[in-house]
Structures are given as structure tokens and as C-alpha cells.
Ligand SMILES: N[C@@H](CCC(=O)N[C@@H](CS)C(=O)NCC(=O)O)C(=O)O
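What follows is one chain in C-alpha cells, specifically the form predicted on its own.
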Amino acid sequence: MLIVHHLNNSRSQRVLWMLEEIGLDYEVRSYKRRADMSAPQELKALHPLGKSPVVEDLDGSEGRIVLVETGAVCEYLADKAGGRLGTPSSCGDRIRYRQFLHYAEGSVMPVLFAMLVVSRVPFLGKVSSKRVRPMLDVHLDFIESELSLRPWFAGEDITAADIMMSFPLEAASTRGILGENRKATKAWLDRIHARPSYQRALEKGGAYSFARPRSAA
């Protein structure tokens, strides 16, 4: 039995989408952010970090397994599903898969997070944003160039790399940071939002401010 401890408007939405894509049975246990947007204390009872996503596999190879870190969770689930959405067979696709699987949280998300934080600070935020924005644009331009070459991040087929890249790009889009000229990235967002598995994940996870259901687009 897989249990996803899901926090509203968080990275754990990607885990629900991943599970809907690969077709594994799972249970959702939902948690609400506190007034300051932090995770509730109940999550610390599951893992010392007290953050979401937390995934429990009650039938793991060594008994109960508790997993954190979305990239590691996606790799674990791909292995559990017999490689579905996991490492591609061709060399080029395999290299891109590994790159973007880690790039999402390791490179682009920290810069995006900095941009979102400093933009909320009066006056000083405007000055800081002017410094951070060019750094973020480098990443967004790189992403646009990659998606101009292929429909998915690793190649011709969707993989867990696309699952991982969804959160930063949805955040950039809904916060008005993506811009109007990055058409390949916008087309990619349209593709993921149109997938039935993505829509099912929205239904399971509840309100999610970073993406609208297809019917509301």
C-alpha cells in the first residue's frame, strides 16, 4: 500500500500525477498549510523534516519505507512500476532524463524561489528583482530552447523528468514570470494539463493554485 501525505499547493501534487501516470494504487492523506504557509506539525510525526511530499510504502522490499524528496520518490515509483516513466533506453534520452530530473530542484527552483521571495519585499524587492530576474531568464531561455527541439524534456515520450519540471514552470507561469514569448514552454504546459492523468491528480489532490483544470483554462 502506497500512502501519499499530500500538502495543498505543494510539490506533492507532482507525486499524485506520477502515480496516476504509472497506474499504481495509492491512498491520499491531505494536510493544510498553516496561516504562515508552513506545513502542519503532523508531518513531523512522519519524518523529521516535517515537509511534503512524504510517501509511505507499507509493502516495501524491507518492510515499511518512508520517502521524501520528490525526485527520489519519482525514481522509486518508476522502479516499482517496472520502469514506466523511468530511465529511457536510448543514450541521448537517458542523459537528458537524468539532467532534468535533478535540474528542476537543483538549479531552476532555487532561482525562481528567490525571485518570488524578493518580489514581495517593498522597494528593496524591486532592486533585488532586477538582479535575480536575469539569472532566472537564463534558465527559462534554456528550457525554451530544449522544448523547441522535442515535445518532452527527455525526448519523444513523457518521463518522470517532465513530472519534476512541472512545478517550477507552473509556478513561473501562474506568477506571470514565464513571459509571453516562450511558446514551446507554454505548449508543453498545455500538453501536461490536457493529460487525463494530470486531471485525475487534480481531483485527488484538491485545490491547486499553480495550475487550472483543463475545463477552466
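Heads up: residue numbers just count along the shown sequence, starting at 1. All values reported here derive from a predicted model rather than from experimental measurement.
Absent from the display: the form predicted together with this ligand. The rest refers to it.
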property	result
One stretch from 35-43, 22-30, 178-186, 151-159 that, in the predicted bound form, holds residues within 4.5 Å of this ligand by heavy atom	35-43
Close approach of Pro168 to this ligand in the predicted bound form, 4.5 Å, heavy atom	no
This ligand contact at Glu56 in the predicted bound form, heavy atom, 4.5 Å	no
is_contact(Arg191, this ligand) in the predicted bound form, heavy atom dist at most 4.5 Å	no
4.5 Å heavy atom contact, Glu144 and this ligand in the predicted bound form	no
Within 141-158, the residues that have a heavy atom no more than 4.5 Å from this ligand in the predicted bound form	none
